[in-house]
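Given next are two forms of a protein chain, the same chain in both, each as structure tokens and marked structure 1 or structure 2.
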Structure 1
């Protein structure tokens, strides 16, 4: 009993005052607020993720380039990323494998013409492994996109008599000089018009087991003013071969285009002194009819005012 009274006395003597409890509670509250603020600041400093699209283009046999598109998704919609530097490599991320750098524009796009050392490597390579890397950017996380492309080429031949029949053969590069025919590739045909390319033919022109597809140019297709027709043959967005574009200018029948000089004739697009007669007659008749009605009404109002009606 004596021991219990001593413990009770000690507990009463060493109890925390209410003011100290309030100070301790305030310190705990401020510490919690500080930790939350620090956590939110860390979240705000976290780098955003990006998405890099990489495409390979082969124009005939003498020009190849890469296109890059960089996007980010801060909310629910992708937006372009401008002003970021993308490193481009071939086969390996080393100094020897580096092709160069590209900076994206305001649309998040960039085009890179492959240098001469790419064509030197192309002579000995069958499969091309391109890499686009975003590294050490202050606003975005590091990102690496890899695309593997098999080198292929087109062999194009025409009907010697009319040039209307076009035969395309798609060959994948192999260890031999002949190449391996590519079956099931969708070949597109276009002709150059004034402002853009015009697709011609049906949408499905797939190569056969020999890698060939035959296309007949429309008989009513006009050429340009010099009697030529610029034909484009494309393999677009293929998973194995990328984009391959071949073009050729064909001597076409210039008599399909008849240009009539109407400068001295009275047409809608002639000068003012050669306005068509009907544009002189009918508008003036309409004006006379309108003003005639107005004068007739004025005369009738004057008669009403004078009391003659």
Structure 2
């Protein structure tokens, strides 16, 4: 009993007063609220990261353009970012190097045709350095993507007699006028069809040490209504040279496939006066047989009516 009494006295002596407990609890609560609010405000301020894809396209020797694709990954899955402004530069992020701006569409895509004033630079430079920059966007972090392209060109020649054989030579621009042959580049061949490009030939057509690849166009390819064939030769997504596209309309002398005109024939899809004979004969025979019996029975009934049976 004495021991218990001492413990009670001690606990009373060392316990925290209730008002202190309330203050302590209030402080903890406020601290928690503050920390939470801060964390939330930090979350709200945090900008999403983006990924910018930049591709260079050279259309024969005529024009060049860049494509930009902006993606973000909020939940383990990339989604396109629309409506953001991307600044595009050539070689340096300066006013003189700035080519222009594009705004991405709902697919996160943007296409930029290089202005004429930059073609002089393109003609003289051996290596082109393109930059796509997202800067000061309220929702997304700043991002810079750079692509370095070695300028190259395609030289196309055909078998003069038949046009069925096409030789492609890929040359990298160098200080000389001739250019350096590019070995091991994968050249793709397509022909224009009604809705899209049709790949033809093998999956891989690599250039040799001379930078050349020879391709035999299939002779059974139909041309268009005027007997022409629109051929596309492409170097696609190359790490060094980007995309080079060459197209040419060949006098193919092979007309498009003419669908056999069955208008005057007896087919399943003809009008009723051109029903196929078998479909005319057999149902009518069946009808004759069935209705013949029916009429025979009706005649029997008529005979009963007339009292002749």
Partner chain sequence: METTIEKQQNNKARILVEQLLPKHFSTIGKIWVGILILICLVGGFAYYRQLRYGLVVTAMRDYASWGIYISNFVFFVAISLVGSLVTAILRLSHVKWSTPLTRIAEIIAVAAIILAAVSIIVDMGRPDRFLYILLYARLQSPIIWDVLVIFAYLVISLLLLYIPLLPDLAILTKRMENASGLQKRIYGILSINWKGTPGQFRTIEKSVNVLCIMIIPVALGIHTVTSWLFATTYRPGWDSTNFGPYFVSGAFMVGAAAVIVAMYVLVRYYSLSEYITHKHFNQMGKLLVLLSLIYLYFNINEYLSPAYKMKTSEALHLKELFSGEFSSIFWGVQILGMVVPILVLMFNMGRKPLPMFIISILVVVGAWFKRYLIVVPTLLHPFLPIQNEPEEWKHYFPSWEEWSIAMATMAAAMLIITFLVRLFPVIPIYETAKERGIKLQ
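Take the two forms, find the largest set of C-alpha atoms that superpose within 1.5 Å, and that set is the rigid core. Residue numbers count along the first chain shown, from 1. Quantities reported herein were computed from a predicted structural model and do not represent experimental measurements.
Structure 1, rather than structure 2, originates from the form predicted alone.
Taking the rigid core as fixed, one finds a CA shift for residue 275 of 2 Å or more between the two structures. For residue 291, the displacement of the CA atom between the two structures, after superposition on the rigid core, amounts to 10.7 Å.
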